[in-house]
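Take a look at this single chain in structure tokens; it is the form predicted alone.
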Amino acid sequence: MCLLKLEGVSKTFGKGTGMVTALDGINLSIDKGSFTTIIGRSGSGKSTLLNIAGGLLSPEKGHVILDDIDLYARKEKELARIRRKKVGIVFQAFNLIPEFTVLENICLPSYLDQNKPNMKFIDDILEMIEMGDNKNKYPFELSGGEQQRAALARALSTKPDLLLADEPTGNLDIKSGEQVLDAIHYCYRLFNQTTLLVTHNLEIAGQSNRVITLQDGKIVSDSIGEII
């Protein structure tokens, strides 16, 4: 069953002789319950694709359909609400609010929608990813790997249909990166969490159901990887 579909999606940046085509007519379907990795060199369009898929960056052409909702046909306020409810995002830079504790950061998406956080579910996630003892700490008290696992818990806190991860190990050492990837894979298996991950690391990509390669804003290969 298709959860996410990109139809003829194009995006450029700049103007005139400085214009760069980030995505060029991308057609892509992501099945529910799949783990897909997007790889490619720097500037190939990986992060642009992820941001458009997550409702963060509007395309110039094409449509993005998430769970039968045409995202960019909606007004910004409604799009933001859909994004908070249906999409969880893990950024390379963590993006935790330094003045908030880990728990407060995780609860923020629910508070923004004026919903009561599911504290039992959040506590369960924190225990699963070995962060239960850190929930009352502030980001500056955590290692990079711990901050990224907190960001993962935040992304999963509202039980999103789609989890997006943009180079989630890019700012981490090898051991911390492995811990974060293990946590993402564990949650994928446990929740059947549809996951779309961007990386430049071929070893990481090989742990996916499906590997898509971008080059100059176009899909140049689409293959089945190892089942996690």
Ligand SMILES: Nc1ncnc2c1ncn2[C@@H]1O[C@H](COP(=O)(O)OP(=O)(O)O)[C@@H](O)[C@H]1O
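Start at 1 and count along the sequence shown; that's the residue number. Source: prediction; values computed, not measured.
Keep in mind that the form predicted in complex with the ligand is missing from the display, and what follows is about it.
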Quiz item: Does the ligand come within 4.5 Å of any heavy atom of V220 in the predicted complex?
Solution: no
Exercise. Please run the contact check for S47 against the ligand in the predicted complex: heavy atoms, 4.5 angstroms, yes or no?
Key: yes
Quiz item: Would G170 sit within 4.5 Å of the ligand in the predicted complex, counting heavy atoms only?
Solution: no
Quiz item: According to a 4.5 angstroms non-hydrogen atom cut-off, is S42 in contact with the ligand in the predicted complex?
Solution: yes
Quiz item: Heavy atoms within 4.5 Å of the ligand in the predicted complex: which of the stretches 155-163, 174-182, 34-42, 64-72 has them?
Solution: 34-42
Quiz item: Which of the residues spanning 18-34 lie within 4.5 Å of the ligand in the predicted complex, based on heavy atoms?
Solution: V20, A22
